[in-house]
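The data below hold one chain only, encoded as structure tokens and taken in the form predicted on its own.
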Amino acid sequence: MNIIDLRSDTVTHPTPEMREAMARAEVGDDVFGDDPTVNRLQELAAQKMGKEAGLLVCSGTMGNLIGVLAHCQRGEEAIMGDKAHTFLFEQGGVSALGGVFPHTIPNQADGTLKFEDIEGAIRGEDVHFPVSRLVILENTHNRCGGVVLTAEYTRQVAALAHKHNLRLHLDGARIFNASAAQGVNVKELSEPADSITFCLSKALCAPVGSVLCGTQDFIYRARRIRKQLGGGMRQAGVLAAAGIIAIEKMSIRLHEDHTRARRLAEGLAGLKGFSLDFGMPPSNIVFVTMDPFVKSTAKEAADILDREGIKVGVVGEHRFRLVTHYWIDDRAVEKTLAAFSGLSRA
């Protein structure tokens, strides 16, 4: 049975071209800094993001953690949204491993943080308070429905942070999706931030890895922290080879995933018993909720779908998250809609 896996774009497999490139990748020892393929990937990533340097890391979670630790000292704080991935889904690593305090403020429906909320969260000079050091934004924003932040908004937040001597880190796990959704160069979205992490292993299809980008000094500190966390890799060129293809080729086809996400959302919205949580998806993430009269829970419905070869993400008692990616074609979308239609009639 051909499996249709909509749980996340993290389930993507490397393309045949990636596998071939991995097999013939020129490698060295990346901890010593002499893996030529890793070096090429890092230079490419930095150039794309408008930064001086890049650092290959194992995951987006590691990239965000290193980014926070490179900006903040123990006892300082990072201001972030209450729906931020760093706050919700990274096991509190910034606190557990870095002693950094997460100061959360409300995410708006469009994924933004209000300027007045950011400014109100910045601590004054008081011995009782931790020092505010960092603001974190997320683009696209996962738990706000894959919404995208504009370059202008990011510039304004950066200016506000810098006015108070704070830095801005961008969790850009799906920044290329944000670029595709807005039809703007990815550099416009990333350049205002002092640092950015983006994933190679989501919609870009590489098997492993993210890249953290920033200034030369920032990446020097980040490299030391990566080693401290056990993230120093050796012949990592076999991974970087796939990452290069991810950036150069897979990043320019993401509009196809967005089109299929909209088709999926339109179909689900037309079914009795299902409603879209955030309206039409701006990128590749669809959140949908079953109405109370549908007898099964989301988990029970997911089990039924699984038996038909369709895997979906369950994110609440009656709520699903569906994510389109390279391995979801038009036929997979139509089969998924047919299966949900069966649930609607049950």
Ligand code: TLP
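In this text the structure is predicted, and so the values were computed from the model without any measurement. Start at 1 and count along the sequence shown; that's the residue number.
The protein also exists as the form predicted in complex with the ligand; that form is not presented, and the subsequent description refers to it.
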{"item": "The ligand in the predicted complex reached by all of 60, 85 and 174, non-hydrogen atom within 4.5 Å", "value": "yes"}
{"item": "Residue contact check: residue 321 to the ligand in the predicted complex, 4.5 Å heavy atom", "value": "yes"}
{"item": "4.5 Å heavy atom contact, residue 283 and the ligand in the predicted complex", "value": "no"}
{"item": "Interface membership of residue 202, the ligand in the predicted complex, 4.5 Å heavy atom rule", "value": "yes"}
{"item": "The ligand contact in the predicted complex: residue 15, any heavy atom under 4.5 Å", "value": "no"}
{"item": "Interface residue in the predicted complex among 142, 251, 154, 132, criterion: non-hydrogen atom within 4.5 angstroms of the ligand", "value": "142"}
{"item": "Contacting member of 90, 194, 257, 77, with respect to the ligand in the predicted complex [4.5 Å, heavy atom]", "value": "90"}
{"item": "Location of the ligand contact in the predicted complex, chosen stretch of 96-104, 165-173, 239-247, 216-224 [non-hydrogen atom, 4.5 Å]", "value": "165-173"}
{"item": "Residues within stretch 7-34 having a non-hydrogen atom within 4.5 Å of the ligand in the predicted complex", "value": "8, 10"}
